[in-house]
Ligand SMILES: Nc1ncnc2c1ncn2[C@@H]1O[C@H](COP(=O)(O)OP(=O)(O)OP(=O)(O)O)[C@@H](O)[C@H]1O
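The chain below stands alone and is given in structure tokens; this is the form predicted alone.
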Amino acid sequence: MSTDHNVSSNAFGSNTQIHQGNTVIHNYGSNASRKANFVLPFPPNESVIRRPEIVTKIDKLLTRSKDGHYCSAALWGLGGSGKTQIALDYAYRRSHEDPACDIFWVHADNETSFARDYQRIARKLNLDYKVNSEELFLTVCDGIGSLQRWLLILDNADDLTLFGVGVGGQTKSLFEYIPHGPGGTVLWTSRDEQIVNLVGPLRGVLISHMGIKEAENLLAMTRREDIRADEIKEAKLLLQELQWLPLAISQAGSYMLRTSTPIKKYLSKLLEGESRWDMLKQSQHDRHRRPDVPNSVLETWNISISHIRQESETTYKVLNTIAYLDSEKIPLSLILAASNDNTPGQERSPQNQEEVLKMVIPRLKELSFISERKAENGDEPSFDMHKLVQDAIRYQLHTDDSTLETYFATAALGVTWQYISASTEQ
């Protein structure tokens, strides 16, 4: 049976393990009493609603093993689902539970923000931060990796090509500068399920909508008023209309608080066609979110939609076309038809159909824009599209490009007519 002992004030370096028979001596040197480095961009969020199932999964994945193994995990899901707030909450919980753990935060949405935060960390660690980018990245990577216990959070890693995903390893990626030293923990957040390629398929945690009770608690918290018995019916309808999405609920609660709007009146405005977009585009300041990032429900997915267009015009076309269909039970045949040119009676080419099945649908699922329903009794596969994403796409097209708005609305009408005609013939 082995025993552990700690030693200090000796000739060995810090974080050294000395093996003597069945005894393992851990030498933490001066690190045991030093003050941990703490680099986080946001204060604690006292209004956070913890989601027990997610907290349990994260804690299980990131439990620091006794032998100091490196571990990592990734939170992925639709924009506005609460990934950043969950990661922030984990960082403060980790700091409270392990005060000697060094904690760092990096905005990973582009190389500029990545470099800026690595500079901030370099200054904190008393490293040279005025060197060129590659030397800076290597210096900070080595500096963090040499620490005894550390946590690095990489937030909003939505463009995964920066980290080598989907580029075939032909170019250098920022992933080379992510530390992997013993005693280290890395937590990623991303809108893209492909983030699991960086941590392993079993180390990804899907962050979707809140549970009903969690959503009710968030609404009560953000509007600073409990839901009364006579408001329960309207509150449940409102939360369903907001798809139990944390960002949408927070914005709604903040708006109700600021304008003294009752739940019933807010719901009524949301259900009215003319005022729906006015309600959803409201953006309240949030000190736990970056000020330079879109904070309204109707704008938060613009980045993801832009990435889709850069990747594949076919996927972009399908996404915008089905945004004008009913959000539930979209048949596979309608999605296949949406990938074609807007020509009545046009036959689908086998190559085009294969592209939709192997690339378009999986990509939209990876970004949480659509979800597949479970087929029963040999029924045709069907999909649901996030209702608020549909609102956001329609709003963006209406605001930015009326020509494209007309094109995709007409395309949706065309594929619907083809589907109805085919069903009638059968």
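Residue numbers run from 1 along the displayed sequence. Note that the structure is predicted; figures quoted are calculated from it, not measured.
Keep in mind the form predicted together with the named molecule is missing from the figure; the text below concerns it.
Visitor: Counting only non-hydrogen atoms and a 4.5 angstroms cut-off, does L298 reach the named molecule in the predicted complex?
Guide: L298: no, not in contact with the named molecule in the predicted complex.
Visitor: Would you classify N156 as touching the named molecule in the predicted complex, given a 4.5 Å non-hydrogen atom cut-off?
Guide: N156: contacts the named molecule in the predicted complex.
Visitor: Does the 4.5 Å heavy atom contact test between R51 and the named molecule in the predicted complex come out positive?
Guide: Judged by the heavy-atom cut-off of 4.5 Å, R51 is in contact with the named molecule in the predicted complex.
Visitor: Is N45 one of the residues lying within 4.5 Å of the named molecule in the predicted complex, judged by heavy atom distances?
Guide: Flag for N45 set to yes.
Visitor: Quick one: from L237, L206, I305, M221, grab the residue that has a heavy atom within 4.5 Å of the named molecule in the predicted complex.
Guide: Contact residue from the list: M221.
Visitor: Name the residue from T185, S339, N320, T84 that puts a heavy atom within 4.5 Å of the named molecule in the predicted complex.
Guide: Partner contact (heavy atom, 4.5 Å) among the options: T84.
Visitor: Choose one stretch from 327 to 335, 174 to 182, 131 to 139, 74 to 82: the one whose residues place a heavy atom within 4.5 angstroms of the named molecule in the predicted complex.
Guide: Of the options given, it is 74 to 82.
Visitor: Is the named molecule in the predicted complex close enough to K281, I393 and Q396 that every residue in that trio has a heavy atom within 4.5 angstroms of it?
Guide: None of them does, since no heavy atom lies within 4.5 Å of the partner.
Visitor: So which residues in 105 to 141, when you check the named molecule in the predicted complex, have a heavy atom no farther than 4.5 Å from it?
Guide: If the 4.5 Å heavy-atom criterion is applied to the named molecule in the predicted complex, 105 to 141 yields nothing.
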